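Heads up, the chain below is alone and in the form predicted on its own; it's given as structure tokens.
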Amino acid sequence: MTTDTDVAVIGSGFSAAALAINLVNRLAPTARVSLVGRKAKWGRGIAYSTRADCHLLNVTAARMSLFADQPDHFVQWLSQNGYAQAGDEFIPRQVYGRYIGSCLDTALEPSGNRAALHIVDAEVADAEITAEGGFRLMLTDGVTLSAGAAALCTGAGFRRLPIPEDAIAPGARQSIVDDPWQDEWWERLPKDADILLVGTGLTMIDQCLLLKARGFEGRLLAVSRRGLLPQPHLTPRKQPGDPVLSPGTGEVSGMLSRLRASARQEGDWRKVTDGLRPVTQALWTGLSASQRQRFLRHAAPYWNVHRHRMAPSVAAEIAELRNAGRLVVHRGRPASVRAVEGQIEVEIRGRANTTLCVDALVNCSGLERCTIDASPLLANLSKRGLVTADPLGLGIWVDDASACLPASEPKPPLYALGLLTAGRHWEITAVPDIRVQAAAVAAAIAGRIGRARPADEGAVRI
């Protein structure tokens, strides 16, 4: 069976929902938009599918509107749904997931004054360009979807455990949790178990909070190469300063020196770091390939923990665990795992090699870099010449407008959003960045397929 659509949005996470809703607002009322992705995570992805109230947004509600041109949209929704005066609060992520779902529900409501949105509960397995100049998408349910334009919003999967498979003894495998979001793995352990969390970023923080909320009484160990944890937000938040860096102004080491000097002068590095937000993407694109490699190798881990922070209350809970000795952070990398007397023994290599005996090892390495090899769909599109790997392994190649195919080529519009475009934009993981990208891509697609809403035609905005 074959069905037709004007635009196919491929994915089911936040970036897919944001683009689909922007297209509904942007396209002519006679247009059709299809959101193709598994129903279980429509609009929520990994981050907003959590059901735990202890998992908070790491940005205040006032900065989390789905729409770049309606900054108060989320706060207004909160007020209408029993969360009055919540603009400066760090709201539970599951509440934000409900907000996205509510916006999608509104977009799905029939209206003669905006484009129609249809949701397809399937995944795209492959795609090809048709003789008519569009795309033919082959879905996992056997249906073929014909589209005039398409957008890849597939996001990232979970990063593989950074231990070679041949370094894991067969008897130890049953004590390893490869993806902490797949099931309620903690229910298989006694409350006083010893658990090793591999990774010290926000995924590790989430797992610690979840265990603490469920009354876990055991010992938590965490390990990463540098032992860096996300830094906390401060409240009240200071207004960001003016950018202290300009694109194309020297080597990475020199930029970092200027940042440190400015932070010392200001007395709060957050004001300096937040001040870079308007120019972060331009700073990245202004770096040469070798400069980007040096940044990724030496500076990215430090940038990430200062840029992507914990809510103050979350930071307080983590500090409480550490002060009580219930969370201990190690520097190094896990090299091997073997089974010993009902536990597993993990060899940690670093400046001070050590061995840790625990009841379970949980992979908290976070999201992978959206490499083509990690996605069967991207691998198929690559074979057809529709996408190309980013040279640094940060997703796929796109131009400044997030198009996957050069505009000079006579091919139908294919765009990508979110982490898939990190190689071009770098800072493209947070809602304030993705919502701007979604609005821009929606406008570009509307223009290229000739289905934009007439400028003098009023829209019923979502």
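What you see is a predicted model, and the numbers here were worked out from it, not measured in a lab. All residue numbers refer to positions in the sequence shown, first residue = 1.
From this point on, the text means the form predicted together with a small molecule, which you will not see here.
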Decide yes or no: are T154, W181 and I434 jointly within 4.5 Å of the small molecule in the predicted complex, with each residue judged by its heavy atoms?
-> yes
Could you check which residue among A403, A47, A422, A31 gets a heavy atom within 4.5 Å of the small molecule in the predicted complex?
-> A47
Pick from A300, L367, A339, A335: which has a non-hydrogen atom within 4.5 Å of the small molecule in the predicted complex?
-> L367
Using 4.5 Å between non-hydrogen atoms, is R270 touching the small molecule in the predicted complex?
-> no
In the predicted complex, D206 touching the small molecule (heavy atom, 4.5 Å) | yes
Would V124 count as touching the small molecule in the predicted complex under a 4.5 Å heavy atom rule?
-> yes
4.5 Å heavy atom contact, L57 and the small molecule in the predicted complex = yes
Of the listed stretches (235-243, 155-163, 254-262, 111-119), which one has a non-hydrogen atom within 4.5 Å of the small molecule in the predicted complex?
-> 155-163
